[in-house]
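Only one chain is shown below, in C-alpha coordinates, and it's the form predicted on its own.
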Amino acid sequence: MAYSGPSVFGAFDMVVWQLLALAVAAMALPVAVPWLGFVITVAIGKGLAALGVAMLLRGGLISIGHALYVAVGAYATAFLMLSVGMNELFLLLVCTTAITMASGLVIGAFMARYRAIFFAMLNLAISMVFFTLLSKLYNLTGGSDGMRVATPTVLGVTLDRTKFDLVLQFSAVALMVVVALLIDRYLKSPLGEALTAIHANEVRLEYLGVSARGVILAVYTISAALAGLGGAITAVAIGHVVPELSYWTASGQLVLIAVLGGISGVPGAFIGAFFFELVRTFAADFVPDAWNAIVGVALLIVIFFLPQGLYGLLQRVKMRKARL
(Lines give C-alpha, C1' and ligand atoms only; values in the text may rest on other atoms or scores of the structure.)
Protein backbone atom coordinates (compact mmCIF):
# COMPACT_ATOMS: atom_id res chain seq x y z
CA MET A 1 0.00 0.00 0.00
CA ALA A 2 1.37 3.41 -0.92
CA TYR A 3 2.52 5.71 1.88
CA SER A 4 0.12 8.64 2.27
CA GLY A 5 1.66 10.42 5.21
CA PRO A 6 3.31 13.83 5.22
CA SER A 7 6.06 14.39 2.69
CA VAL A 8 9.63 14.33 3.94
CA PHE A 9 10.36 17.25 1.62
CA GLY A 10 7.38 19.17 2.99
CA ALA A 11 8.69 18.68 6.52
CA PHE A 12 12.14 19.63 5.30
CA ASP A 13 10.74 22.87 3.84
CA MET A 14 9.11 23.67 7.17
CA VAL A 15 12.42 23.20 8.98
CA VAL A 16 14.05 25.53 6.43
CA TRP A 17 11.52 28.26 7.19
CA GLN A 18 11.91 27.79 10.92
CA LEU A 19 15.69 28.04 10.70
CA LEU A 20 15.49 31.09 8.44
CA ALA A 21 13.17 32.74 10.96
CA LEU A 22 15.72 32.00 13.71
CA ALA A 23 18.51 33.41 11.53
CA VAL A 24 16.56 36.63 10.87
CA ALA A 25 15.87 37.03 14.59
CA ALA A 26 19.54 36.35 15.42
CA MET A 27 20.65 39.09 13.03
CA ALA A 28 17.85 41.56 13.84
CA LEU A 29 18.14 41.56 17.65
CA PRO A 30 21.69 43.00 17.70
CA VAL A 31 20.51 45.81 15.40
CA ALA A 32 18.07 46.94 18.10
CA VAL A 33 20.42 46.12 20.99
CA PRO A 34 24.04 46.09 19.66
CA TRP A 35 25.61 44.33 22.63
CA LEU A 36 23.33 41.35 22.08
CA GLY A 37 25.52 40.33 19.13
CA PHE A 38 27.97 38.69 21.51
CA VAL A 39 25.16 36.93 23.39
CA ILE A 40 23.69 35.58 20.14
CA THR A 41 27.08 34.27 18.99
CA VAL A 42 27.68 32.45 22.29
CA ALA A 43 24.10 31.12 22.20
CA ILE A 44 24.70 29.63 18.74
CA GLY A 45 27.86 27.95 20.03
CA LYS A 46 25.88 26.41 22.89
CA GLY A 47 23.03 25.57 20.52
CA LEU A 48 25.37 23.52 18.32
CA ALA A 49 26.62 21.58 21.35
CA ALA A 50 23.05 21.14 22.65
CA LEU A 51 22.01 19.84 19.23
CA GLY A 52 24.56 17.05 19.64
CA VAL A 53 23.12 16.25 23.07
CA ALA A 54 19.58 16.30 21.63
CA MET A 55 20.60 13.77 18.98
CA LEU A 56 21.75 11.39 21.70
CA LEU A 57 18.54 11.98 23.66
CA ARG A 58 16.53 10.85 20.64
CA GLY A 59 18.21 7.48 21.06
CA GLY A 60 17.50 7.41 24.80
CA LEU A 61 21.12 8.27 25.67
CA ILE A 62 21.88 11.01 28.20
CA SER A 63 25.36 12.51 28.15
CA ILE A 64 26.11 14.59 31.23
CA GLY A 65 29.72 14.99 30.17
CA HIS A 66 29.38 16.41 26.67
CA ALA A 67 31.01 19.70 27.66
CA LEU A 68 34.20 17.65 27.30
CA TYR A 69 34.01 18.17 23.54
CA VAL A 70 33.20 21.86 23.88
CA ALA A 71 36.44 22.18 25.85
CA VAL A 72 38.35 20.04 23.33
CA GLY A 73 37.16 22.35 20.55
CA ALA A 74 37.97 25.50 22.49
CA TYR A 75 41.44 24.38 23.59
CA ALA A 76 42.22 22.95 20.14
CA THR A 77 41.52 26.43 18.74
CA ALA A 78 43.87 28.00 21.28
CA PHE A 79 46.65 25.45 20.64
CA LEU A 80 46.33 25.73 16.84
CA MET A 81 46.76 29.49 17.09
CA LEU A 82 49.57 29.51 19.65
CA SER A 83 51.58 26.43 18.66
CA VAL A 84 50.87 25.96 14.95
CA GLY A 85 50.39 29.59 14.03
CA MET A 86 47.03 28.97 12.34
CA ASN A 87 45.18 32.28 12.39
CA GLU A 88 42.50 31.92 9.69
CA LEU A 89 39.02 31.78 11.23
CA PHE A 90 37.35 29.34 8.84
CA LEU A 91 40.37 27.04 8.72
CA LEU A 92 40.41 27.01 12.52
CA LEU A 93 36.74 26.02 12.63
CA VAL A 94 37.28 23.19 10.13
CA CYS A 95 40.41 21.82 11.83
CA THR A 96 38.92 22.09 15.31
CA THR A 97 35.79 20.25 14.22
CA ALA A 98 37.92 17.49 12.68
CA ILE A 99 40.03 17.14 15.85
CA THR A 100 36.93 16.93 18.04
CA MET A 101 35.30 14.45 15.68
CA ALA A 102 38.39 12.24 15.93
CA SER A 103 38.23 12.48 19.74
CA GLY A 104 34.56 11.55 19.67
CA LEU A 105 35.28 8.59 17.41
CA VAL A 106 37.94 7.20 19.76
CA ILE A 107 35.93 7.72 22.96
CA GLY A 108 32.68 6.72 21.24
CA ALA A 109 34.12 3.33 20.29
CA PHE A 110 34.24 2.63 24.02
CA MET A 111 31.02 4.45 24.99
CA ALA A 112 28.86 2.73 22.35
CA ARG A 113 28.84 -0.44 24.44
CA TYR A 114 26.97 1.16 27.34
CA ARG A 115 23.43 2.39 27.94
CA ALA A 116 21.31 4.26 30.48
CA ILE A 117 23.03 5.43 33.67
CA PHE A 118 26.33 3.75 32.74
CA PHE A 119 26.53 5.79 29.53
CA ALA A 120 25.74 9.01 31.40
CA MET A 121 28.19 8.44 34.25
CA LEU A 122 31.07 7.32 32.03
CA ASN A 123 30.71 10.49 29.98
CA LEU A 124 30.71 12.49 33.19
CA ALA A 125 33.80 10.68 34.50
CA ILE A 126 35.80 11.26 31.30
CA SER A 127 34.85 14.95 31.20
CA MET A 128 35.92 15.44 34.83
CA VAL A 129 39.25 13.72 34.19
CA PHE A 130 39.78 16.13 31.30
CA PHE A 131 38.78 19.07 33.51
CA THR A 132 41.35 18.00 36.09
CA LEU A 133 44.10 17.71 33.46
CA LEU A 134 43.28 21.16 32.10
CA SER A 135 43.41 22.60 35.62
CA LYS A 136 46.64 20.89 36.72
CA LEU A 137 48.84 21.00 33.60
CA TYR A 138 49.69 24.65 34.12
CA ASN A 139 52.73 24.76 31.83
CA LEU A 140 50.70 23.34 28.96
CA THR A 141 47.17 24.66 29.42
CA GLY A 142 47.66 27.66 31.69
CA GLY A 143 45.94 25.83 34.53
CA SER A 144 42.92 27.52 36.08
CA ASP A 145 43.92 30.79 34.38
CA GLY A 146 43.24 29.25 30.98
CA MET A 147 44.65 30.37 27.64
CA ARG A 148 44.19 33.52 25.61
CA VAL A 149 42.74 33.26 22.11
CA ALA A 150 43.78 36.09 19.80
CA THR A 151 41.52 37.57 17.12
CA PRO A 152 41.88 35.41 13.96
CA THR A 153 42.04 36.76 10.43
CA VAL A 154 39.10 36.40 8.05
CA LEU A 155 40.06 35.22 4.55
CA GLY A 156 43.53 36.64 5.18
CA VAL A 157 42.23 40.05 6.28
CA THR A 158 43.00 41.39 9.75
CA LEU A 159 39.96 43.11 11.23
CA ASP A 160 39.55 45.22 14.35
CA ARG A 161 37.59 43.53 17.13
CA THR A 162 34.28 45.27 16.40
CA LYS A 163 34.26 44.26 12.73
CA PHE A 164 35.48 40.76 13.56
CA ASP A 165 32.67 40.25 16.08
CA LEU A 166 30.16 41.22 13.39
CA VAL A 167 31.69 38.80 10.87
CA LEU A 168 31.77 36.06 13.50
CA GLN A 169 28.12 36.64 14.34
CA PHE A 170 27.01 36.39 10.70
CA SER A 171 29.24 33.37 10.15
CA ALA A 172 27.80 31.66 13.23
CA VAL A 173 24.25 32.32 12.00
CA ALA A 174 25.11 30.86 8.58
CA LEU A 175 26.72 27.82 10.20
CA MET A 176 23.66 27.35 12.39
CA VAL A 177 21.38 27.13 9.36
CA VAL A 178 23.66 24.92 7.25
CA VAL A 179 24.59 22.51 10.06
CA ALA A 180 20.99 22.25 11.27
CA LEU A 181 19.75 21.39 7.78
CA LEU A 182 22.42 18.71 7.41
CA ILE A 183 21.53 17.21 10.80
CA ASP A 184 17.84 17.31 9.88
CA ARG A 185 18.56 15.29 6.74
CA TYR A 186 20.68 12.87 8.76
CA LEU A 187 17.89 12.30 11.30
CA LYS A 188 15.44 11.61 8.47
CA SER A 189 17.82 9.13 6.83
CA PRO A 190 17.72 5.38 7.60
CA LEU A 191 20.66 5.80 9.99
CA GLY A 192 18.86 8.57 11.83
CA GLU A 193 15.63 6.58 12.01
CA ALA A 194 17.62 3.66 13.41
CA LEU A 195 18.67 5.96 16.27
CA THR A 196 15.03 6.43 17.27
CA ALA A 197 14.49 2.68 16.92
CA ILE A 198 17.27 2.04 19.46
CA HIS A 199 15.26 3.95 22.03
CA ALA A 200 12.08 2.05 21.15
CA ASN A 201 13.41 -1.51 20.81
CA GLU A 202 17.13 -2.12 20.40
CA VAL A 203 16.79 -5.92 20.32
CA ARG A 204 14.35 -5.81 17.41
CA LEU A 205 16.74 -3.51 15.54
CA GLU A 206 19.54 -6.04 15.98
CA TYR A 207 17.27 -8.79 14.66
CA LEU A 208 16.80 -6.71 11.51
CA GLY A 209 20.57 -6.84 10.97
CA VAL A 210 21.34 -3.25 12.03
CA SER A 211 24.25 -2.80 14.43
CA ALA A 212 23.09 -0.70 17.38
CA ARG A 213 26.71 -0.02 18.35
CA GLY A 214 27.45 1.26 14.86
CA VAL A 215 24.45 3.58 14.94
CA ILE A 216 25.41 4.93 18.37
CA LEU A 217 29.06 5.36 17.38
CA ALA A 218 28.02 7.38 14.32
CA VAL A 219 25.70 9.71 16.24
CA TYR A 220 28.18 10.05 19.12
CA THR A 221 30.94 11.08 16.73
CA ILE A 222 28.68 13.63 15.02
CA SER A 223 27.50 15.01 18.35
CA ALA A 224 31.13 15.42 19.46
CA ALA A 225 31.92 17.31 16.25
CA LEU A 226 28.96 19.64 16.83
CA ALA A 227 30.11 20.34 20.39
CA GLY A 228 33.66 20.97 19.17
CA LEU A 229 32.42 23.45 16.56
CA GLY A 230 30.40 25.19 19.25
CA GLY A 231 33.48 25.28 21.48
CA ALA A 232 35.59 26.84 18.71
CA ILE A 233 32.99 29.56 18.10
CA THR A 234 32.80 30.24 21.84
CA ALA A 235 36.59 30.43 22.13
CA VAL A 236 37.07 33.02 19.38
CA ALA A 237 34.01 34.98 20.57
CA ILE A 238 35.20 35.26 24.17
CA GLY A 239 38.92 35.38 23.39
CA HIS A 240 39.80 33.14 26.31
CA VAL A 241 39.38 29.47 27.26
CA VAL A 242 39.26 28.02 30.79
CA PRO A 243 38.95 24.50 32.25
CA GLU A 244 35.40 25.26 33.45
CA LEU A 245 34.25 24.73 29.85
CA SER A 246 34.45 20.98 30.55
CA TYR A 247 33.05 21.08 34.11
CA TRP A 248 29.98 18.97 34.90
CA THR A 249 27.76 22.03 35.35
CA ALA A 250 28.49 23.04 31.75
CA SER A 251 27.43 19.56 30.60
CA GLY A 252 24.25 19.79 32.65
CA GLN A 253 23.53 23.14 31.05
CA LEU A 254 23.70 21.58 27.59
CA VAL A 255 21.22 18.86 28.58
CA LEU A 256 18.96 21.53 30.05
CA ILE A 257 19.08 23.60 26.86
CA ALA A 258 18.30 20.54 24.74
CA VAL A 259 15.29 19.61 26.89
CA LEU A 260 14.21 23.24 27.17
CA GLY A 261 14.15 23.72 23.42
CA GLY A 262 12.73 20.27 22.68
CA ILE A 263 14.28 17.28 20.93
CA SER A 264 11.46 16.65 18.45
CA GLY A 265 12.99 19.02 15.90
CA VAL A 266 16.46 20.32 15.01
CA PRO A 267 15.58 24.01 15.60
CA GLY A 268 14.68 23.18 19.20
CA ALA A 269 18.29 23.20 20.42
CA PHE A 270 18.84 26.73 19.10
CA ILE A 271 15.50 27.98 20.40
CA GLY A 272 16.45 26.64 23.82
CA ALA A 273 19.91 28.21 23.64
CA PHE A 274 18.54 31.63 22.63
CA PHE A 275 15.89 31.50 25.35
CA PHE A 276 18.37 30.44 28.03
CA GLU A 277 21.05 33.00 27.17
CA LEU A 278 18.61 35.90 26.74
CA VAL A 279 16.77 35.18 30.00
CA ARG A 280 20.04 34.79 31.86
CA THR A 281 21.53 37.95 30.34
CA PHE A 282 18.56 40.22 31.01
CA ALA A 283 17.98 38.75 34.48
CA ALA A 284 21.63 39.36 35.41
CA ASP A 285 21.42 42.90 34.00
CA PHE A 286 18.22 44.04 35.70
CA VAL A 287 18.23 41.93 38.89
CA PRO A 288 21.91 41.12 39.54
CA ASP A 289 21.25 39.78 43.06
CA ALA A 290 18.50 37.37 42.06
CA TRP A 291 19.20 36.43 38.45
CA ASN A 292 19.76 32.77 39.33
CA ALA A 293 16.30 32.57 40.89
CA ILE A 294 14.69 34.25 37.87
CA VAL A 295 16.40 31.88 35.45
CA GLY A 296 15.38 28.93 37.62
CA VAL A 297 11.72 30.01 37.76
CA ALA A 298 11.61 30.59 33.99
CA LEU A 299 13.08 27.15 33.35
CA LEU A 300 10.71 25.45 35.79
CA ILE A 301 7.71 27.04 34.07
CA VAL A 302 8.84 25.73 30.70
CA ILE A 303 9.71 22.27 32.00
CA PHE A 304 6.46 21.77 33.95
CA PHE A 305 4.02 23.27 31.46
CA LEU A 306 5.81 22.51 28.19
CA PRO A 307 7.06 18.92 28.47
CA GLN A 308 7.95 18.87 24.75
CA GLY A 309 9.93 22.08 25.06
CA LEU A 310 9.58 25.42 23.31
CA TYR A 311 9.74 23.79 19.89
CA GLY A 312 6.85 21.54 20.87
CA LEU A 313 4.85 24.66 21.78
CA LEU A 314 5.47 26.15 18.34
CA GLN A 315 4.36 22.90 16.72
CA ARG A 316 1.14 22.85 18.74
CA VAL A 317 0.35 26.45 17.79
CA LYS A 318 0.94 25.61 14.13
CA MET A 319 -1.36 22.58 14.34
CA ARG A 320 -4.15 24.61 15.95
CA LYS A 321 -3.92 27.24 13.24
CA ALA A 322 -4.07 24.51 10.58
CA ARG A 323 -7.32 23.21 12.10
CA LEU A 324 -9.01 26.63 11.99
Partner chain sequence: MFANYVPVIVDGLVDAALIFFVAVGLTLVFSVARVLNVAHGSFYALGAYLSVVIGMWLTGHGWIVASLAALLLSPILIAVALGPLIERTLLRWTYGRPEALQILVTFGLFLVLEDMQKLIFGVEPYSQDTAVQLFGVSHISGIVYPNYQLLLIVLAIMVGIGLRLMLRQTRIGKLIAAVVADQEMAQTIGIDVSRIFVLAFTLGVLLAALGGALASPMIGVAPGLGAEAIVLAFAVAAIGGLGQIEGAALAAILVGLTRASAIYWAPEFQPVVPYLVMVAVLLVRPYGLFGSVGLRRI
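Just so we're clear, the structure is a prediction, and the values are computed from it rather than from any experiment. Residue numbers count along the first chain shown, from 1.
There is another form of the same protein, the form predicted in complex with its partner chain; it is not shown, and what comes next is about it.
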> Quick one: of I99, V149, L122, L89, which gets a non-hydrogen atom within 4.5 angstroms of its partner chain in the model of the complex?
Replying inline: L122
> Using a 4.5 Å cut on heavy atoms, which of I126, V94, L140, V167 is close to its partner chain in the model of the complex?
Replying inline: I126
> With the partner removed from view, which of 66 to 74, 295 to 303, 34 to 42, 267 to 275 is the stretch that lies within 4.5 Å of its partner chain in the model of the complex, judged by heavy atom distances?
Replying inline: 295 to 303
>> Is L133 part of the interface with its partner chain in the model of the complex - any heavy atom within 4.5 Å?
In response: yes
>> Check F110 for me: does it contact its partner chain in the model of the complex (non-hydrogen atoms, 4.5 angstroms)?
In response: yes
> Using 4.5 Å between non-hydrogen atoms, is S103 touching its partner chain in the model of the complex?
Replying inline: no
> Is there a heavy atom of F282 no more than 4.5 Å from a heavy atom of its partner chain in the model of the complex?
Replying inline: no
> What residues, if any, in 253 to 289 have a non-hydrogen atom within 4.5 angstroms of its partner chain in the model of the complex?
Replying inline: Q253, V255, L256, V259, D289
